[in-house]
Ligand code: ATP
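One chain comes next, on its own, written as C-alpha cells: the form predicted on its own.
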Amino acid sequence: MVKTMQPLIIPRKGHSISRKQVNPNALRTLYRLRDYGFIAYLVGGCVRDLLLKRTPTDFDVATNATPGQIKRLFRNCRLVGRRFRLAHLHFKDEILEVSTFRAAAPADEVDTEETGHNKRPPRHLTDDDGMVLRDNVFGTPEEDALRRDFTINALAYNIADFSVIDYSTGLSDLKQRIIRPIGDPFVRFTEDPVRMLRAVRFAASHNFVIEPATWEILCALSSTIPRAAPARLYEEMLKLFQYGSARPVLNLMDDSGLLAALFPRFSQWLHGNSQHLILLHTNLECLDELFRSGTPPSPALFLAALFGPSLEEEALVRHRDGIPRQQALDTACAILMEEFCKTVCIPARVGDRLRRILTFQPSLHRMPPRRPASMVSRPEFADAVAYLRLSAETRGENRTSLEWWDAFLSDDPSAVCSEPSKNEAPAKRRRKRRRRRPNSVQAAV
C-alpha cells in the first residue's frame, strides 16, 4: 500500500506552466468541467513535459465526474474501455482522453479471474499472478495520483487556481532526472508489465536514469512482459521506436532482457555477430533523425529498419540452398510474423507492407530500372526508397542506385506518394482484343 503524504502545492508564480502552452481543446474541457462544479486537472506526462519545457504529445484530463456525468456534459463524448472506463471527447482534429479519479480496490471489491463470486461484474479484477484485468474503482485526486506508475507522472495542474500539485516526490525526481515507481516496483510491474516498457521509454526519451533498485527488479521481471495484451505491446513498441529515441531504447531493451523476452529469435541473431548491433545502431539513428526532421517513420519502415537486416540475411541463406529469392524472403517474413503473433500483435497490413518493402529492393537496385515512373506510383515506394537509403548509409551498399533515384525524383518530387488516395480508384487495365487468326482452310483459299 502506498503511504499518503501531504501534497506539495506550487502556486502559479512558482512554476513555468502557462495556459498558452495547453492544448485549446483540453483547456476548454477543463473550463467546462470546472464551471459545472467538478474538479478538473491536467495529469500525467503532459504536466511532466511542460515543466521540462518540452512539447507534450498529448494532454490527459482527470476529474471527479463519473464517465456517465462526462457523457451527459459533452455531446462529443464516447465511453470506451473495459479494463479502464474512459471518456473520449471527439474534436475535429483529435480525440481527448478524460478519466475519472481512481482509487485502490476495497477488500470487498477485489476478485480474481477464476473465483468470480460477485453477482455483478467486479469493478476491480486481477488474475492469479496479480496483473490487473479491470479497474473502475473511483476515488480522490490523491488516490488517483498514487496509483500512477512513476513519480514524475503523478503531477497535476489544477485549472481552478493554476497550481501544480505533487502527491509524491515527482518534482524532486524531475530535477534529479530519476525514473522511480510509486510504491513497490515488484508489485507495480506485476500489476501491469507494460510499465517496464514505459520505464525504458521515459529513460531513453528524456535522458533519465532508472532508479538502481528498480532497474534490478525490472531485469528480474523482464521475462513476464509477454503476459501483457499483444495489442498493447504493439502500441507500446511504436511509442518506443518511432519518436526519436530508438537507439537508446534498443540498448535498454537488450540490457534488461525485455528484447529477448519479446523477440527471442531476433535477440539470438543480434548477438550472433558483433556487426549486427553496430548495423542496427546506425539504422535506428537514421530513424531518430527522420523524426527530428519532422518526418517520423511509418510503422512498416520502423519494422524494416529493426528486423530487415536479419530477414534479408535469413533469406540469403535459404536462397543459397536453392530456394528462389522471393520464396526465401516470403518464408523468412512468415516465420517472423508467426513469432510476433505470440507476443506482439502486429497488424497483417503492416507485416505485409514490411515484406513488400524488402521485396522492392532488387527492383530499386537494378540499373537502369525498368519503368521507373510506374514504380513510383506503388504505395510502398516511399518506404522502400527510405530503406534503400538506410542500406546505403549503414552498409555502404547500392549508393549508385540511391543517387540515380534521387536524381530521378528531383525532377518531379510530387511523384512520390507513400499512401494511395482513399478516393482514388485503381486504374483498370484495358484488355487488348485478340485478333482471330484464319484457320488453315481459309488460309489456303
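Because the structure is a prediction, the values reported are computed rather than measured. All residue numbers are counted from 1 along the displayed sequence.
Same protein, other form: the form predicted in complex with ligand ATP, not shown, and the subject of what follows.
Of these, 40-48, 389-397, 23-31, 374-382, which stretch puts a heavy atom within 4.5 angstroms of ligand ATP in the model of the complex? That would be 40-48.
F202, heavy atom within 4.5 angstroms of ligand ATP in the model of the complex: Within the cut-off, so yes.
With the cut-off set at 4.5 Å between non-hydrogen atoms, does R247 touch ligand ATP in the model of the complex? Residue-level check for R247: no, no contact with ligand ATP.
Taking heavy atoms only, is S410 within 4.5 angstroms of ligand ATP in the model of the complex? Outside the cut-off, so no.
Should R147 be counted as a contact of ligand ATP in the model of the complex, where contact means heavy atoms within 4.5 Å? Within the cut-off, so yes.
Sole residue of R72, K239, R265, H88 within 4.5 Å of ligand ATP in the model of the complex, by heavy atom: By the 4.5 Å heavy-atom cutoff, the listed residue in contact is K239.
Could you run down 191-221 and flag each residue that has a heavy atom within 4.5 Å of ligand ATP in the model of the complex? In sequence order, D192, R195, R198, R201, F202 come within 4.5 Å of the partner.
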